[in-house]
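Below you'll find only one chain, the form predicted on its own, shown as structure tokens.
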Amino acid sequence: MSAKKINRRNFIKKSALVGASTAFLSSRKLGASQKTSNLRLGIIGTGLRGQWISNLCLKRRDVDIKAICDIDSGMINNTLNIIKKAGGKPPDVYKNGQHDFLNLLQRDDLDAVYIATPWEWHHPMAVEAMKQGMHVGVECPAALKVSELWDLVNTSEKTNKHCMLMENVCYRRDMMAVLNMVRKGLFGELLHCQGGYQHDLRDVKFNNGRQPYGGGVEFNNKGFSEAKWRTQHSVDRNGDLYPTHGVGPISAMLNINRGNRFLHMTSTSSQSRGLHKHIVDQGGIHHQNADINFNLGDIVTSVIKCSNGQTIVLSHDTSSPRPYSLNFRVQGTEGLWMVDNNSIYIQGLSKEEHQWESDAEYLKKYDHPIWKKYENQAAGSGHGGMDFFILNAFIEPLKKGLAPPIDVYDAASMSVISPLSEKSIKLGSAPVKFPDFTRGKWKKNQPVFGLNENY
């Protein structure tokens, strides 16, 4: 049975969150920007994520939110209320249709834009923003197709504007402590890493039975706005739809794009059962969505080979009943760490041979210097403090005229896992090659993530 489609025109009208801003006026090389005391920012998309980022920006004295954009008046009003409550100056509002962000691109009072919209809008918005002279912070993934990711890279290079992937898990406290351990040689030479997105999203994808999979049964009221667009990807696609949470911290540990790179990968998916079962369990076999064919396999497993020899296993699991886990594992010639058991074993250091021990003492001892410095400021910022660090890593370099620690090449190499996994699965789990978005520069590029004392 072919996949049952949501009306594309209505889908776009109801789900697109759009917006914009413009522009540093500098025309220097990529990696340098005009310095500024306050970053003048536009927020594209004022859903829950956009509202939270606005809230964090308002807590800083070095960011001015000049403009916001969304097609949902309710979300716009929520954001305006947040700004008003914080004592901020009301921003200009753009909400006249899905392409009103193009009007914002004519502004000359914005330095950068933050894109927090449905995935399919990330690429066109980021490209247009850079073409109009602004730097970009974009939520994950940066784009959905290989050609779109090349477009981001080429546009960034041509316009000398940065495109930072806002992958907050890179700044998760335990992952940064493990990164510190890796750099201090605790694990020896790295051999293998694991990560993934293992998150039961059935409630998010079906919200309360309204759009996009409307019906006569109420499932619950979680994630309504996100379900408007996210569920369609599970209908249309089969692959690792959300790889960057798992691969982001690993990329820093393996120096991807900075002395190492992804070479090729294979992906395999299980059968698709969880989403259909959830509909039937909640709404019965005669529910109007019970005949939808979901292409997304419940478990998608990808294996990546790196230029320096390491292997990576990524997992995508969002349709099954399970506790949340990003499935991290870091293993080298001297030992390994695994997140799910909060466990570690280091040859010659662990108390008992061949016995796991708690990672608590290690995480405390090797707590990353950046976390030690900003622990108080990060408290209450969201996702265990990660949101403070990712926003800070976007703002501080731009203020100082520096490149961000997660750049357009990182955005491309992490995000491209999605389309490559889809291709591999279609080809019967055949290996597919990674594009070299750096065009060979990875061989001489030096590691940067987590090495600046501020970000």
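The numbering used is simple: start at 1 and walk along the sequence shown. Keep in mind that this is a model prediction, so the values were computed, not measured.
Unshown form predicted in complex with another copy of the chain; subsequent notes refer to it.
Proximity of 192, 317 and 431 to another copy of the chain in the predicted bound form is complete: all three residues have a non-hydrogen atom within 4.5 angstroms. Checking 265-273, 380-388, 226-234, 67-75 against another copy of the chain in the predicted bound form, the stretch whose residues place heavy atoms within 4.5 Å of it is 265-273. A residue is said to contact a partner when one of its heavy atoms sits within 4.5 Å of a partner heavy atom; residue 119 fails this definition for another copy of the chain in the predicted bound form, lying far away. Using a 4.5 Å cutoff between non-hydrogen atoms, residue 258 does not count as a contact of another copy of the chain in the predicted bound form.
Not displayed here, another copy of the chain is approached by residue 200 to within 4.5 Å at the level of heavy atoms in the predicted bound form. Interface residue remark: residue 303 is counted as part of the site for another copy of the chain in the predicted bound form, having a heavy atom within 4.5 Å. A single residue from the set 289, 331, 159, 180 has any heavy atom within 4.5 angstroms of another copy of the chain in the predicted bound form; that residue is 331. For the options 83, 169, 338, 153, the one in contact with another copy of the chain in the predicted bound form, meaning a heavy atom within 4.5 Å, is 338. Of the residues in 136-173, none comes within 4.5 Å of another copy of the chain in the predicted bound form through any heavy atom.
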